[in-house]
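Here you get one chain, nothing else, as structure tokens; it is the form predicted alone.
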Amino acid sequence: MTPDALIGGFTDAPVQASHAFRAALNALSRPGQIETLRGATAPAPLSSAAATLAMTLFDVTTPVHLAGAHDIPALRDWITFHTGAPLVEPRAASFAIGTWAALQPISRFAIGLPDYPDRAATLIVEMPTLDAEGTRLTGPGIETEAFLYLPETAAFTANRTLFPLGFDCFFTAGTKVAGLPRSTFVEDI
């Protein structure tokens, strides 16, 4: 185990986890809304927002896949030490972390089953920045429309056609997080 695995967790776990859980729920229930999420610090390249999501949402029953540059010993050790989450191959993952390019092809992640749509993967997509501009979002949780820069539109449009199946996403950059549930309509403008 690397020494970095032992540091960077919550300093006041009950309070920080409850604030982070609230921010994560707000992000998914209001697609396109950018929330601040901080409290945990993991080894690079994991952002503070993604580390805080991991500390809040992962546990020993949450299979996680690390993709691309995020699949390094220091980060594997950090997630295992702080959350106990088992690290798995893409098809078995409840959560996956990586850049959009590293998470490709998206088809390797579970989209749920007709009787159990909740068995789909949630992707934590690390972005260079989060901006409330670009792709137009409409649907549940959005009064009229919202905007969020997405790495592409086609995959999210196709994902919406699978509803109630499909994957959900958190986009993270630094201490910022935004959510995009499978129920959201996306379109380029």
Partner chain sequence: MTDQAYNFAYLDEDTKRMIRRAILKGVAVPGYQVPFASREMPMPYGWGTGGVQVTAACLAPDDVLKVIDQGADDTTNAVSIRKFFVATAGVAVTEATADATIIQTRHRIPEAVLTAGQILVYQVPIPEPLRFLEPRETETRKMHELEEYGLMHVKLYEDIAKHGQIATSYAYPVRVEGRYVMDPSPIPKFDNPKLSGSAALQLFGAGREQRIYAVPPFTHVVSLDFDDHPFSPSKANHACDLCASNISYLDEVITDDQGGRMFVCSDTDYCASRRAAGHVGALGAPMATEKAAE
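Residue numbers count along the first chain shown, from 1. Everything numeric here is computed off the predicted structure, so don't read it as measured data.
Not on display, but discussed next: the form predicted together with the partner chain.
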Using a 4.5 Å heavy atom cut-off, are Ala24, Phe95 and Gly139 all in contact with the partner chain in the model of the complex?
yes
Although the partner chain is absent from this view, report whether Pro128 comes within 4.5 Å of it in the model of the complex, heavy atoms only.
no
Contact test in the model of the complex: Asp118 vs the partner chain, heavy atoms, 4.5 Å
yes
In the model of the complex, is there a heavy atom of the partner chain that lies within 4.5 Å of any heavy atom of Thr11, even though the partner is absent here?
no
The partner chain contact in the model of the complex: Thr36, any heavy atom under 4.5 Å:
no
Contact with the partner chain in the model of the complex, heavy atom within 4.5 Å, among Ala146, Leu28, Leu150, Val64 goes to Leu28
Pick from 157 to 165, 64 to 72, 39 to 47, 128 to 136: which stretch has a heavy atom within 4.5 Å of the partner chain in the model of the complex?
157 to 165
Sequence-ordered list of residues in 160 to 189 near the partner chain in the model of the complex, where near means a heavy atom within 4.5 Å
Phe163, Pro164, Asp168, Phe170, Pro181, Arg182, Ser183
